[in-house]
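Just the one chain here, the form predicted alone, laid out as structure tokens.
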């Protein structure tokens, strides 16, 4: 595909932008006309590559990351995080999906297990998404609602085109008890740093050692690029979050992750990163063949020794996960006991093994794992179904 493992993807790497004729007047479409030369922009009446039905081949999946389709979304933007499922301990997170498919190319990406769209999509009807949040605000304006935009598309890597970060930051000023999280593997933050915020917009960076980034996270920002972007956000008063997820086992993993902790703690204090998370490699069995077709067998991921877990995903054995989590958390605690780190999409058994406690008993995490907001959300959905 031509992704350089040490060069961050940018808009200049896009092959083509297709604009649904119904949304030509949208703000995102207007920016596309300004940002891309005319030969790279087309107005279309239907989704491009629509003949590519069913499961995508490796070449088709690669192509989907180089083409953008601007169109409206017909469904519901605001949903529960997929971590809210039986058998996993969920932090009551909600997601707001403003696009589909990621322009970066991580070997382990879970989108490979279910994405069959032949192009990346940016949804132009952000007003509908904001209206859905307004509705939630009628019942939950005084609650600590946590909303992220990085479930099925990186929150910021295409933001220089959409500029949705600016609109969302302004919207969340009306709900100071809510928290908005931009989750990214990019360094694209300059476009919103001048926007006044209410201190409730968390800029969140996925972190891995540089050797893992170079090997497995193609087209993403380097570790230094992410750390420098995080420092810019901190200096503008934005709270930060770091997600050490997925941790990937490899020869020398202890030293790699110890060095990562040194890089982070040399630049940031615990109070500047109120909560961080850690998780380990996991993926759906059905994506394994595509991962191997796209990245070969020399990858740390495609050659990993994994077993089927209770939720159906392939993971490292529980003892391996606990060892990795304990090590990383322990390295942070060597620097300060104030670092707050929770496990992402993990079982209660792993919590007890690695953290020696369940999240509601960990200082600083009680509120995140309080299910009251989720129950209100569920009750509203039941009411809507009955209408």
Partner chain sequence: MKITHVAQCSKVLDFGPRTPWPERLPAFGWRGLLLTGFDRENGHVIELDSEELLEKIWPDIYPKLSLMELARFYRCVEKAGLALEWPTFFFAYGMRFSDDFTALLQRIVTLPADVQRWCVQKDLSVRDLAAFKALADWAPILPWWQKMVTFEPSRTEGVRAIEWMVELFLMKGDLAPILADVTNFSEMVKQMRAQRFPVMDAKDQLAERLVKELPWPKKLEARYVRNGDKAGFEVKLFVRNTPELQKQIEGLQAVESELERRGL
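Quick caveat: nothing in here was measured; it's all calculated off a predicted structure. Positions refer to the first chain, counted from 1.
FYI, the form predicted in complex with the partner chain isn't displayed, but the following is about it.
Undergrad: Answer yes or no: in the predicted bound form, does the partner chain come within 4.5 Å of a heavy atom in every one of 224, 235 and 331?
TA: No: no residue has a heavy atom within 4.5 Å of the partner.
Undergrad: Which pick from 77, 316, 172, 93 sits with a heavy atom within 4.5 Å of the partner chain in the predicted bound form?
TA: Spelling it out, the residue with a heavy atom inside the cut-off is 316.
Undergrad: Can you work out which of 134, 72, 263, 293 has a heavy atom no more than 4.5 Å from the partner chain in the predicted bound form?
TA: Spelling it out, the residue with a heavy atom inside the cut-off is 293.
Undergrad: Looking at 55 to 63, 333 to 341, 25 to 33, 39 to 47, which stretch has residues with any non-hydrogen atom within 4.5 Å of the partner chain in the predicted bound form?
TA: It is 55 to 63 that comes within 4.5 Å of the partner.
Undergrad: Quick one: is residue 269 in contact with the partner chain in the predicted bound form, heavy atoms, 4.5 Å cut-off?
TA: No, no contact at 4.5 Å.
Undergrad: Could you confirm whether residue 196 comes within 4.5 Å of the partner chain in the predicted bound form, counting heavy atoms only?
TA: No, residue 196 sits far enough from the partner chain in the predicted bound form that none of its heavy atoms falls within 4.5 Å.
Undergrad: Is residue 187 close to the partner chain in the predicted bound form, meaning a heavy atom pair under 4.5 Å apart or at it?
TA: So residue 187 does not count as contacting the partner chain.
Undergrad: Does the partner chain get within 4.5 angstroms of any non-hydrogen atom of residue 110 in the predicted bound form?
TA: Looking in the predicted bound form, residue contacts with the partner chain do not include residue 110, since no heavy atom lies within 4.5 Å.
Undergrad: Go through 232 to 249 residue by residue and record those having a heavy atom within 4.5 Å of the partner chain in the predicted bound form; state none if no residue qualifies.
TA: The one in contact is 249.
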